[in-house]
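A lone chain, given as structure tokens: the form predicted on its own.
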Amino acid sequence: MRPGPGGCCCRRPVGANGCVANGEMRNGYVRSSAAAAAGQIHHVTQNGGLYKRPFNEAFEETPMLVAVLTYVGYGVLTLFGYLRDFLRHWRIEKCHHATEREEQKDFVSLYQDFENFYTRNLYMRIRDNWNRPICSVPGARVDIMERQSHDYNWSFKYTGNTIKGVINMGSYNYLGFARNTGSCQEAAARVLEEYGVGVCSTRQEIGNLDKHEELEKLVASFLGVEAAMAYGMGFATNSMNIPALVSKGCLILSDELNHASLVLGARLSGATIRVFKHNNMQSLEKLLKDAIVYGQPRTRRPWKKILILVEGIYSMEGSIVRLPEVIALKKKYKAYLYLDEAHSIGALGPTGRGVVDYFGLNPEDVDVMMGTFTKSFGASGGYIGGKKELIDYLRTHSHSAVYATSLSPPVVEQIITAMQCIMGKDGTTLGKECIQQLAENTRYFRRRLKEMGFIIYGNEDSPVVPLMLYMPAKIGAFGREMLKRDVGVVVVGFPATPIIESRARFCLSAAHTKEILDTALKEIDEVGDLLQLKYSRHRLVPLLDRPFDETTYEETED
């Protein structure tokens, strides 16, 4: 459906004041009387002209019966867990988990035994779905080393066999650059001969190579910012740089679904942390208003800084940040914005420049642009881009810059070659073709899964595709059944997701051909029927239509 002149992807007329005739609009979503009767939600993307393209993102409600059965399933597993712990205590059942020695019983406990209850009694039942050893390039297909367990997943033994040609639906190889042939591999091999593998020093000592300088200039040009700095680890790019930017007396406003690296960085900073509902601009604006009006707790002094932390693509929900609205709020309340583009850089936008490019926004409106090289570029490490003053400050104050070993030269060359390919500086159109292929694969795969009757979360343009499983027994069953059919998938459960929202997470790649996707879809359809996973009733409920809890909390205070 094409949007009209106002940018609206809904067919109902929109008034000049942003209201919808015969319907109700709430923070960018409209529920008309006819649509409400049919249980459908349509999204309005005009939002005062902030959006230049349709923004279709919705989340289907969990069916009540499925939610109840999921809770019952966890309840049964918990009861059996207590029973098995009782049997282990009296040595009726062999105890495999780590316990303190008898002579250490009078010592202060290293850990609470109950802390491992979930791992011991629930996770172990389906542990075979994770940490599968791969013995090939993580391309469209992979080879997996076969293993068996004779003690209910407490230990594994390799059979010596290899499962070849497994369709890879789990790697973050969005643009297909993780391969052992082609220009990237050849360039990395040349640099390996000249520079070797390791640098054995930090950037501030004698580990600053000309390749590092070349990479940072290229990253700044790619992002459209004044300067950039590269780091050896994506996780540490967040966790070690946020404490350098904010401290005690500052306020961090963090999306509730932010990655663990952002959460850790915020906690290490010593700043006050307040969490807003995922992608909910009402919740964010309320926190901003309260921060301006009330200031710091007890003293009521103004905050030194207010920093908003968001991600481009949320890797568990498949949703895309509502960046135009976040920037509008950031400008309105004079806050700073930190954007984590780990999953969106390379994977979104007509030129692959991430969520800023996707919405057609100005990079200068984002104060701190962070991303990683571990996904779309098929390498490792991360970067931060922004004003030259910001990068100069981080070079001397960031723990990642001062203490961490420099990026390996072949890895740097892999990033440079891949980025030049995306920008078209290699003289080919391969990068542009990969971006277009990923976008086509994403829309096709999502559309087919919805047609089959699965509940799919996230934005229609997000290459991260969560398929809802819900029940704990179906987490392990789905992963095993898909591997039997030579399709490798990632399954995720509590505590990585809410307890009733276990899911399988597919990651699309430009390396996937239509034949590969059709084969995977055929097997997913078959397993979906076998495990009765087709829960969809096509009642799409956006996150912003979920009950809004105005309560906020602080993790740390002054």
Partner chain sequence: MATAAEQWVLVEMVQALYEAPAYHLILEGILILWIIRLLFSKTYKLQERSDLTAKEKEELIEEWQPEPLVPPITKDHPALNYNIVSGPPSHNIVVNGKECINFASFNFLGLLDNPRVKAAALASLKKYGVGTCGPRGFYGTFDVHLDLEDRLAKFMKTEEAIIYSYGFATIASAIPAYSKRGDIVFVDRAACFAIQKGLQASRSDIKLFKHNDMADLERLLKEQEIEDQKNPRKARVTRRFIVAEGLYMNTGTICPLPELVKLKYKYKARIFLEESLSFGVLGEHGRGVTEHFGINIDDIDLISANMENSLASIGGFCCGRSFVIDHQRLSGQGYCFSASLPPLLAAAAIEALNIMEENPGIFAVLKEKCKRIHKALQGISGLKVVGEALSPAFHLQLEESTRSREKDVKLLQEIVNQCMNRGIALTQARYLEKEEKCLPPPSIRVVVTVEQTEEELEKAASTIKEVAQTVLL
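Worth saying up front: this structure is predicted, and the values here are computed from it rather than measured. Positions refer to the first chain, counted from 1.
This protein has a second form, the form predicted together with the partner chain, left out of what is shown; the following refers to that one.
In the model of the complex, the partner chain lies farther than 4.5 Å from every heavy atom of N459. Among heavy atoms of R179, some come within 4.5 Å of the partner chain in the model of the complex. Among heavy atoms of E256, none comes within 4.5 Å of the partner chain in the model of the complex.
Within this chain, P466 is remote from the site of the partner chain in the model of the complex, having no heavy atom within 4.5 Å. Among the residues M316, A439, M281, M452, the one placing a heavy atom within 4.5 Å of the partner chain in the model of the complex is M316. Screening G198, G360, G424, G75 for any heavy atom within 4.5 Å of the partner chain in the model of the complex leaves a single hit, G198. Annotation: in the model of the complex, residues L83, S344 and G476 none come within 4.5 Å of the partner chain through any heavy atom.
Residues placing heavy atoms within 4.5 Å of the partner chain in the model of the complex fall in a single listed stretch, namely 328-336, out of 85-93, 442-450, 416-424, 328-336. Contacts to the partner chain in the model of the complex (heavy atom within 4.5 Å) from stretch 119-142: T119, Y123, W130, N131, R132, P133, I134, C135, S136, V137, P138.
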